[in-house]
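Shown below, as C-alpha cells, is a lone chain in the form predicted on its own; questions about how it binds or moves come after it.
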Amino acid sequence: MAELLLALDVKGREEAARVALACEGELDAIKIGYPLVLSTGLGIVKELAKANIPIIADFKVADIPNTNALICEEVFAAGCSGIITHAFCGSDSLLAIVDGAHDHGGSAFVVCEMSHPGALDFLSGANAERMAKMAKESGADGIIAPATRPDRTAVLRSVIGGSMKIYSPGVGAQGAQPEDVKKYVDGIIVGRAIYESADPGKAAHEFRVRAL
C-alpha cells in the first residue's frame, strides 16, 4: 500500500484550507511549495495542521550548508514534519538538511529525478543514481523519483534498497497512474487532479483506493 500525498500548489489561505479540510482522512501528508508559501507566508502551516495532516515543505533546497541549516530552522519552527531538498549542491549541503531535519524530529527527502520531460537534461541517468547514493549515505529518510518514468524509479529503488522511502510525483495531471509505480514506492504525490477537482475529497479517496 502506497501513501497518498497532496501537492497543494494553490494560492491563498482560503483555497488551501478548503482543499485540505475536504481531503481530511484521505491523505497521509500535504506537500506545500513556493506558490502557496509565497502567497500566504509560513503561517499557513499551522492553519493546514488543523486538518490533522503532516506538512512537508517542498522547497527543493539548494544552497550552501549554513543557509540550508537556517532554512531548516524556519521550516520546522513553523510546524512542518519534513523537508524536500536537492542533492546536486554537494554532500555537505545535503548533510546540513538531513541533520537539520533530524535535529528537529523531522524527515528529509532528496530529489533524485523529477517527473517533467526536462529532467532528462540533467536529473536522470547516472546523475540521479549518484544522488540516490548520496541520499542513502547522508542518512536521509527518502528520495523523490518520478511516477512518469517507472523504469527509472525501479532503478533508483535498487540503488537505495528497501529501508528508505520513495515518494513519487507525476500522478494525475502529468499522466502517470498509481498502478504504474506503487510496487516500487512508498507514496504517490498527486496535485492538480485533486485540488482542481470539483470534489477534492472524492478525488483523493479514489486515488487512495488505487494506491492500495
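So that there is no doubt, residue numbering starts at 1 and follows the sequence shown. These numbers were taken from a predicted model, which means no experiment stands behind them.
There is also a form predicted in complex with a small molecule; it is not shown, and the following applies to it.
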Which pick from 42, 64, 70, 173 sits with a heavy atom within 4.5 Å of the small molecule in the model of the complex? 173
From 93, 81, 115, 138: within 4.5 Å of the small molecule in the model of the complex by heavy atoms is 115
Determine which one of 152 to 160, 47 to 55, 182 to 190, 22 to 30 lies within 4.5 Å of the small molecule in the model of the complex, judging by heavy atom distances; exactly one does. 182 to 190
Any of the heavy atoms of residue 144 lying within 4.5 Å of the small molecule in the model of the complex? yes
Looking in the model of the complex, any heavy atom of residue 60 within 4.5 Å of the small molecule? yes
With the cut-off set at 4.5 Å between non-hydrogen atoms, does residue 4 touch the small molecule in the model of the complex? no
Please check if residue 15 has a heavy atom lying within 4.5 Å of any heavy atom of the small molecule in the model of the complex. no
